[in-house]
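As structure tokens, one chain now follows by itself in the form predicted alone.
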């Protein structure tokens, strides 16, 4: 596979692009990988359509971007593959075989830990359909490009703040155990491309350090409204064989839950690149 065979097709919005001319079941040479990495740094979300890949091939490609998270104790990983998480609404014997209800609010993955995920890769095995149309779209918005648009006073305030991120208590499986939480700067410098990004999100950010609850709530609402503005949204309509990758620092995402079991089936394999402390 040569780099001159690939094509980058921007979505037309502030994030999102399709990569054509890459077969991820084959080895990706360094020059091609460099072009993909450049596109990833620019667009934050990349889609590779019509792929036919095994879990091992997904892991191999994802690993080119960094060390993968391994979920050793998760009951929702692929058997024998602690680095492949099942995102699915499928039930067997009355029990969910994977994570079925995550992402109902705008969020970035794992911001409630000290080193949030850097990049997520999601491969579509089954996509719910109705009347010939796919269901379960995933929406993305950029976290970059906002800070520079604020006036100097607002920039100074935001740059001085840290926010508390907490896992949704509904996802804590052990009764009585407190959900994990972490503290991150509100404005972070992307570790790989240097962009200034707003690092608060509706699904995980609960308050600001040193600010009372009501003040925190008011400011968070304003920031969420800005981040989620309709004109910035990229909507990905899934097809079987899509491999979608996104940058968890540069973008936020939201899952559309407009499908139901057992009428509709959705099955995705997720791999995730570990992040690093943000500053």
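Numbering follows the first chain given and starts at 1. If you're wondering where the values come from, they're calculated on a predicted model, not measured in any experiment.
Missing here is the form predicted together with a small molecule; even so, the following discussion is about that form.
Undergrad: Of the listed stretches (184-192, 99-107, 124-132, 76-84), which one has a non-hydrogen atom within 4.5 Å of the small molecule in the model of the complex?
TA: Looking at the other structure, the answer is 99-107.
Undergrad: Among the candidate residues 61, 48, 234, 246, which is the single one with a non-hydrogen atom no more than 4.5 Å from the small molecule in the model of the complex?
TA: It is 246.
Undergrad: If we define contact as a non-hydrogen atom of the residue within 4.5 angstroms of the partner, is residue 269 a contact of the small molecule in the model of the complex?
TA: Output for residue 269 is no: heavy atoms all beyond 4.5 Å of the small molecule.
Undergrad: May I ask you to check whether residue 138 falls inside a 4.5 Å heavy atom distance of the small molecule in the model of the complex?
TA: Because a heavy atom of residue 138 falls inside 4.5 Å of the small molecule in the model of the complex, the answer is yes.
Undergrad: Might residue 17 be said to contact the small molecule in the model of the complex, defining contact as any heavy atom within 4.5 Å?
TA: No - in the model of the complex, heavy atoms of residue 17 and the small molecule never come within 4.5 Å of each other.
Undergrad: So in the model of the complex, is the small molecule close enough to residue 255 to count as touching (4.5 Å, heavy atoms)?
TA: Taking the distances in the model of the complex, the answer for residue 255 is yes, it comes within 4.5 Å of the small molecule.
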